[in-house]
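This document starts with one chain, in the form predicted on its own, laid out as structure tokens.
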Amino acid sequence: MDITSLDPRARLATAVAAAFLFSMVQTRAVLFAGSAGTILLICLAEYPFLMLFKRLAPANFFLLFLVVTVPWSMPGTPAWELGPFSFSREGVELILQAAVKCNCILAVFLVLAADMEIADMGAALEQLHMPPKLVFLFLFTFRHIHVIEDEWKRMRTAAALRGFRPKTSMHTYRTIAHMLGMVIVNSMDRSRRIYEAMQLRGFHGVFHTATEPGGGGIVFFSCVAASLVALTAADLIIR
């Protein structure tokens, strides 16, 4: 299944709905079923597993700290003991649930929204009746992250050409502070020029995209939504 050909609105709505389900589910059986559905989605989208593992690695590295601390710091029935430390069964189950939920939510967003063009995402958010100012802020924040990065690279290059070598000294701290200040000032000037140029071209707060929405979005979202409703109902019944 070609995920990129689907309507961006359906992809975003599906990812958000799945994230809500995984965040609220509490029973093991429903969590297992949702995980199986996530794996099925990855297989249908033919998303490279190696790339998926690489992108999930930073989140799982953070989860390692929870694995180390939660089982022995959470009170409950001891699962096993290691010297003075007692690892509770409730702590182990909690961290396993957190790991599964985190990986499933991230995997769904990576499959459905990671390769979406930022302009298409903004247009989809606006068509889903998100607040226009929030969409405007989201798009310009994404745009100006790269502007600030370019300004910082220019400042670093200029400083290096003038013989600056960072060290642990007050001169280095003052130089970096001045560089950061110039980055902020230059970025603000550039953003002001960009906004004035957009106003001269008739911009009035609405973004348009030349990309036509893909087909099959309603069918795809309806199938996934029905599955999510069934899983939610099963979770409520099993509780």
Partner chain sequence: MHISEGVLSPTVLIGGYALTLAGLYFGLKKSDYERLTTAAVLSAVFFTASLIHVPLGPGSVHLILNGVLGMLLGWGIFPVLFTALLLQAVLFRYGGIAVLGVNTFDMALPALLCHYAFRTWFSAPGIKPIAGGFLCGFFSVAGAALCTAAALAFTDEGFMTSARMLFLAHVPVMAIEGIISALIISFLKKTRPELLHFSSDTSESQL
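We call the rigid core the largest set of C-alpha positions that still match within 1.5 Å between the two forms. Just so we're clear, the structure is a prediction, and the values are computed from it rather than from any experiment. Residue numbers count along the first chain shown, from 1.
Keep in mind that the form predicted together with the partner chain is missing from the display, and what follows is about it.
Contact flag, Ile184 vs the partner chain in the model of the complex, heavy atom cut 4.5 Å: Looking in the model of the complex, residue contacts with the partner chain include Ile184, since a heavy atom lies within 4.5 Å.
Proximity of Glu46 to the partner chain in the model of the complex, heavy atoms at 4.5 Å: Answer no; every heavy atom of Glu46 is more than 4.5 Å from the partner chain in the model of the complex.
Lys167 within 4.5 Å of the partner chain in the model of the complex, heavy atoms: Contact check for Lys167: yes, within 4.5 Å of the partner chain in the model of the complex.
Residue contact check: Glu81 to the partner chain in the model of the complex, 4.5 Å heavy atom: No, no contact at 4.5 Å.
Listed residue that, although the partner chain is not shown, lies within 4.5 Å of it in the model of the complex (heavy atoms), from Met74, Ala119, Ala159, Val92: None of the other options qualify; the answer is Met74.
Neighbours of the partner chain in the model of the complex among 168-200 [non-hydrogen atom within 4.5 angstroms]: Thr168, Met170, Thr172, Tyr173, Arg174, Ile176, Ala177, His178, Leu180, Gly181, Met182, Val183, Ile184, Val185, Ser187, Met188, Asp189, Ser191, Arg192, Ile194, Tyr195, Met198, in sequence order.
Cα displacement of Ile176 between this form and the one not shown reaching 2 Å, rigid core superposed: Yes.
Shift of Trp152 between this form and the one not shown at or above 2 Å (CA, core fit): No, its C-alpha moves less than 2 Å.
C-alpha of Lys167 moved at least 2 Å between this form and the one not shown on rigid core: Lys167: C-alpha displaced by 2 Å or more between this form and the one not shown.
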